[in-house]
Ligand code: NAP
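Only one chain is shown below, in C-alpha cells, and it's the form predicted alone.
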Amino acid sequence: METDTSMMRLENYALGQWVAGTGTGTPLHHAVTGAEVAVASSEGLDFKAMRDYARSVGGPALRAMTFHQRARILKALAQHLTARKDDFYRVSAWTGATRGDSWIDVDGGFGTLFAYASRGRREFPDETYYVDGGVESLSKGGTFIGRHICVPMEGVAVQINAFNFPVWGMLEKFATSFLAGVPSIVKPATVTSYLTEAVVKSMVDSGLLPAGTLQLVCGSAGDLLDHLDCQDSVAFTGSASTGLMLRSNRAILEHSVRFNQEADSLNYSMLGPDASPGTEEFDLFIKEVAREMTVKAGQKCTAIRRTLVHESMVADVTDALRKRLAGVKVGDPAVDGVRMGPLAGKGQVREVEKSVALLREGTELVFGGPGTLDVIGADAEQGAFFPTMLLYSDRPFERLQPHDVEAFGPVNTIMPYASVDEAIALARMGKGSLVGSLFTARDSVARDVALGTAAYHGRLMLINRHSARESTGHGSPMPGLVHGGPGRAGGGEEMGGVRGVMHYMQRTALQGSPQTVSAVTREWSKGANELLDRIHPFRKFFDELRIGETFITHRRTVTEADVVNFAGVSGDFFYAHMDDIAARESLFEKRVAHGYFVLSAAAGLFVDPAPGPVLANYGLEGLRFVKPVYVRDTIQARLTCKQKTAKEDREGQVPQGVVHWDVEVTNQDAEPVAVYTILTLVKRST
C-alpha cells in the first residue's frame, strides 16, 4: 500500500476492478504541509452498471449466506485490518489527525466490525432472514396467526460519508448493511478519500468479500442516485444542506428510496447547578468540554458546540476552560506534545471562518481567535490550521446565532441559564441534535434534563463521579446505541445494534395457519403440527431433531410435602406457600405451590437422566406463571422443539448447537399453569 506523501492518483473499485477516473480530477492536499498527495476522480465510471453489478452479483451472494456466515466474514475482516492498522495510521496523519484522533477513526472503525460480528452471531439466527417479535393471535380458535419476518432488500446500499471519519464513517455503515445481506457502494468525502481508498484496498486484498459486495467511488457520485429504486437505500453523513439536496433527488422521491441522514448538529453540554467549582463533576465537565473542542480539531458531528452553565458559575467555567485550552499545543501531530492538528483542508478553514463571522454577530470572544495561533513543527500558512475559539453569549434567548450556526472546528459558545427549566429550553433551541450531555451529582436534575431534552436529541450522556471513569465520552457513538437525532441532526439512525441492520431489511407481516407460518419461519408456533416419536428427544443428536418434535410427559400430583420440602431447600417461606390463614385472605384463597417448584418438577418430568447428546441447560426465556398450582393438583409437561441454531465450531470443542424448546405445563384440567422456553446445548453428530 502507498504510504508516502508523493502525489498519486486514487482508484475507484467498480465492477470488481480497480480503475482510475479520467479527467483532471480534484487535487488532495496534506493537511499539515499543504503538499499535494493525491488526485481523485470518478469520471468515466458507469454508475448504472455499478448498481446493476451490486444487485446481480453482490446481492445474491450475500443473501445466500446466513447472518452467522456474514458475521464470521466481518470478524475475519476486522482481524485482517487490525493487523495492518499501522499502515492506515501513516495515511491518517495526512488528514491532520493526531495518534489519538486516528485511534478513534481507525480502531473505532475496526471495533465496529468486531461488534457487529459478535452481535450477528448472538442476536441473529443462523438463517438468511430474521423473525421479529412473537406470534400475534388473529383468531379465537388459534388457526390463523401472524408473525413478522425481515428479509434483505434486493438492491444496493449507497453510503455517502463525511470527511472527518474516513474509516469509521465507512465501516459503521458497511458493517450493518453487510450483516443485513445488502451490497454497498461507498462514496467517501473527496478531501480525505485517500484514507478510505487505502482501507478498501486492504479489504479487497483480503479475499474475504464476495464479488460485488463492496464498491468504492473516489470523487463525485455523478448520476448514481438517479438509478436507484425502491429496493435501494441511501445512508448519508454530512451537512444538513447537502443532505437536503440529496434527499430531493427525483428518483429518491418517486421510488420512496430509504434515506438515512446523520447531519452535523449543535450539540450541548450542561453543567448542573449543583456542580460548583471544587466538585468532581465541575472538573469532569471542564475536561470533557475542552477535549471535545480539540479532538479531531473539533471536526466531529458530535462535538460540543453549546456549553450551558448556571449564571453563577460562568466566570469560573470561562477561567477554567481558558486555562485548559491554553495548554493545548497545536501543530504537526508527528511532533511530541502536539495535542491538536489542523483541519482536514484549506476549504474547511474557509468554511469555519465564515461560520465564526456569523457567530461573532451575537457573541463575544473570550479565548483564542485570530492572532493567537502558535503552530509547532509546521507552517501555519501552508497547513490547514485553525485556533481554538471560546465564545460567550450573554443573552442566549435573544441572540440566536449559537443556536443556528455551526462552526465545524474547535469553536464553542458558553451560554448562561438561571434555572434548570431555562437550561432545558436552551438545549432544545438547537432544533434537533445528535447528542447532549449533563454533568451533575443530582439524579433529580438528571431526570428533569433527560426527560426535558430527549425529544430533541438522539443520545444523552448523564455523567457524575461514579460513571466518569468508564464513560466512553460525549462524542463517542457506540455500536449498540443509535447514532442520529431528530430535526437538524437529520432524523435518522445509524448503528443501534439490531436496529441498524434492520434499516437494510424489509419487515413483512405473514398471516396464515400456525403450520404454514412455522414452515416459512422454521420456528414452531403453538397450533402447528407436533411430531411424536417413541425415542425421547434428549436421546437425539442436534442433527436428528426435527422442528415440531414433541414429548408429552407422565403426570405428577403435587403434595403438601412437596411444598414444605421445597421451602426448606430453597429458603422461600413466602406466606402464600406456608400460611393457611394468610393464604385464604390473599388473591390465591388457599396455599399454592412455589412457581419454581412447578418449574423444577416439570424438569423432572421431561429430563432423560442418562448421559446422551444433551450437554447442558443453556438458559431459560419468557417464563410466565399463568395460573396457580395448589396442593393435590396434577401437572403434566409438553416439550416441543421450537428452533435450532448450530454453533460455530471451535478447536477443542465438541460440535454442538442450541435447541429452543417450547414448554407448556398444564394442570389436571388441561389449563396452562406455566409457559416458557428452555435452551439446551446438544451435540451434533457431524
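Keep in mind it's a predicted model, so treat the numbers as computed, not measured. Start at 1 with the first residue shown and count on from there.
What follows is about the form predicted in complex with the ligand, which we do not show.
Scanning A221, A576, V328, A320 against the ligand in the predicted complex with a 4.5 Å heavy atom cut-off leaves one residue, A221.
Distance criterion of 4.5 Å from any heavy atom to the ligand in the predicted complex singles out F236 from the list F236, F282, Y194, F542. Segments offered: 396 to 404, 101 to 109, 419 to 427, 242 to 250. Contacting the ligand in the predicted complex at heavy atom distances within 4.5 Å is 242 to 250.
A residue is said to contact a partner when one of its heavy atoms sits within 4.5 Å of a partner heavy atom; S437 fails this definition for the ligand in the predicted complex, lying far away. Contact between F163 and the ligand in the predicted complex is found at the 4.5 Å heavy atom cutoff. At least one heavy atom of C301 is located within 4.5 Å of the ligand in the predicted complex.
With a 4.5 Å cutoff on heavy atoms, A263 counts as touching the ligand in the predicted complex. Contacts between 666 to 686 and the ligand, taken as any heavy atom within 4.5 Å in the predicted complex, involve no residue at all.
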